[in-house]
Every structure is written in C-alpha cells, then in structure tokens.
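Take a look at this single chain, the form predicted alone, given in structure tokens.
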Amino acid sequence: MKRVVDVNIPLGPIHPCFKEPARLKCEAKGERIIGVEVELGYMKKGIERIMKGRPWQEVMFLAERVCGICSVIHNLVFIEAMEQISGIAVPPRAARLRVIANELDRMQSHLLANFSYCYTIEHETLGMYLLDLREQVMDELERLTGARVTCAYIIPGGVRCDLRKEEAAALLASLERMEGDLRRYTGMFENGPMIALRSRGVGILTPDAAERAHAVGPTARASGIAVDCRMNHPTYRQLGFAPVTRPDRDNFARVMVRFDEVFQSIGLIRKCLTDLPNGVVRGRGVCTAGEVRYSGEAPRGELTYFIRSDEFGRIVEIQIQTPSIMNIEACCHEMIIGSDSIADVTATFISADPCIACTER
C-alpha cells in the first residue's frame, strides 16, 4: 500500500550541524516524519583495500587514520589483534598506560559529540564550553603520547614511551580541574529548560528496537542495555569496570550517558595513575601468521577487526566493522520515525554521534 507523503525533505549531504557529509531523505506528513533513508558514500577512502599486502608497521598507521576522532581505539584494536595472533604479552605498566590513552581519547570524542548536539539545538554557549574542555583533554593526550590526533602510541608488546612521575602528577592535577568544569557543564545541560524541551522524550529508542537494529555504545546504553566490550578486557576487569546505563531512551539520555562516561573515564585514569605498576613499557615478540577476529570498545560502541596475516606480519586480509553503521540504522529506522518536527531530525541524528569517516572506509 502506497504511503501518503506531503513532502520529501533532504537534509545534507552538506549541513551546518553535520561534522561529516551524509544525506538524510525524510518523508513527512505535515510536520510528522514517517520515513527516513540515509545516503552514504560521499567520503569513501578505500582504506581496507590499501591495507592489504602491507606490513603491520604500515597498517598500524593506516588503522588510526580510519577515523581522526577515535584514532587511539583503532590503533589499540589493530595492535591487540596482532598480539592475539602472535602470542605477544604486554607488560602490566604498558597495559595501564594503554587504558589512560584510550580513556583520554574517549573523553575528547564524547565531549565533541556533546558539543555537536548542543550546537544542533542552538545552545552555542554550552557547546563552546565543551569544545574548550575538549582542547584541554587533547593537551593531556599530547602530554602522554606526543601527539594530539594520530598518536601511534600503542605498538606490539607495549607502548612507545613511558610516563614520568612529574607528567603523571600534572595529568592528575589537570583531571581535577577538568572534573570541576565538567560537573558545572553537565549541570547546565541536565537542568536547562530549553534543552529539556528539545531533548526529553525526543528520539525514543526502545530496548527492543535497539536490539533489533543491533545498536551499540552509548546509543544502546542510553536505552538501558548494558553492552560494553571493556567488560571482557582483562585490564578493565582489574580496574572494576562496569558499564554506564540510563533508562530514559531519548536524546537527553544519550547525551547524559556520554557525560557520565567522561566522569567514569576520569575515575579510570586516576586508578591507573595512582596504582601504576613499575617495570618496562615494551615487551618482546614478533608479529607472525594467523587469523583473528578481535573487538574493542570505541567511543561509539563495538569496533571489530578481522585480520589474517602471513609469516612476515603482512596483512593478507582485513575487514573492519565500526559501530556507527549499526547506530545509523537504529537512528534512521527507529529513533527519527514519528518525530513531531523536522527540527528534531538533525538533533536526533547527532544524538547518536554518527561517525561517517569510520563507516565509509
């Protein structure tokens, strides 16, 4: 049966609220959204094909260029996958330093996502506060790794460089300062009446719909689903990690889960710094032939690498499954449908924090 549509409204591929190009084709009856399809493909890089046949030393740098917003987790998952293949052990000190780098990267990604949401609903003041806070986190990432975006910090058997005592003390002091600012900004979002009007009860994603669309990361956890790859990681288990969830299922909940997780990341980094084991930060081992499917928790959810390598550590086959493709599916076919206004479409899409660079490899 043919649907009655009053108007077809395209959003994108270039849109002031989108960090990256994507096109949403919306069908509306009056103001109510009754259908959405997404068009991707505007920035495909072919990076998986480029990786094939190259040694792991080159692929390591290519992996973190899949996405500039969450480059550390791509570096981490690729290297830990190669370690799984080759049986390479990681020293305890290096394992903790990896957590610090990963959580700093998660913090800056979540702050950028929440900035984008605030900008989309036209709360530019809070958005700029969050962007300034993100810059402080990037400074700390540079303190640890030597770079702000593509760090190449994680290598087989450990990390590139150690963290000196004075640098650890400076990082702890920065976390204390950032936590105070973050508490204030979270309160502004949580208690803002205009934010509530644009966010509460908007973009509902029920647990059943989330599971049907295979939503992951904060998008799933904001619907009460406790799914997080860090629960299965031995270092995170040592730190007593437990996933953050909220039951509200709307745009507001998704943004608040990210705020909650930034606080959680600060706590995890503190634990690592206050109980940082002594010892070396580089173990021994050689990347060899094998095959593995390995997952880690990116800021947006489960990131999976399938890798097959030869006896020289060259990549014979590689496939990357990023979290945004599932979350975009959940957003377009579950969250946006039924929205009362076209103005809610962009806010709901941004609330899922879609990463187009990861999706279009």
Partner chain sequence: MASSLFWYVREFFRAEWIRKFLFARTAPLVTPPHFRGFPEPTGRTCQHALFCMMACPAPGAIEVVHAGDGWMPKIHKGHCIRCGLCVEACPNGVLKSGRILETMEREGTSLIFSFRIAIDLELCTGCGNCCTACPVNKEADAQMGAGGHSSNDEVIMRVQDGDIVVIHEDKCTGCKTCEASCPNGAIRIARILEGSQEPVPEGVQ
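Positions refer to the first chain, counted from 1. It should be emphasised that the depicted structure is a prediction, and the values quoted were computed from it without experimental measurement.
The form predicted together with its partner chain is left out here; the points below concern that form.
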Next on the checklist: With the partner left out here, check for me: in the model of the complex, does some heavy atom of N278 sit within 4.5 Å of its partner chain?
Outcome noted: yes
Checklist entry - Even though its partner chain is not shown here, does M194 get within 4.5 Å of it in the model of the complex, heavy atoms only? => result yes
Checklist entry - If you check in the model of the complex, is E291 within 4.5 Å of its partner chain, heavy atoms only? => result no
Next on the checklist: Contact with its partner chain in the model of the complex for P247, defined as at least one heavy atom pair within 4.5 Å: yes or no?
Outcome noted: no
Next on the checklist: To test your reading of this chain, name the stretch in 180-188, 233-241, 208-216, 262-270 whose heavy atoms come within 4.5 Å of its partner chain in the model of the complex.
Outcome noted: 180-188
Next on the checklist: Just to be sure I understand the contacts: of I204, A101, A95, I155, which is the one whose heavy atoms reach within 4.5 angstroms of its partner chain in the model of the complex?
Outcome noted: I155
Item to check | Partner-contacting position among S199, T145, S223, N114 - heavy atom within 4.5 Å of its partner chain in the model of the complex | outcome: T145
Item to check | Members of 64-86 lying within 4.5 angstroms of its partner chain, judged by heavy atom, in the model of the complex | outcome: R65
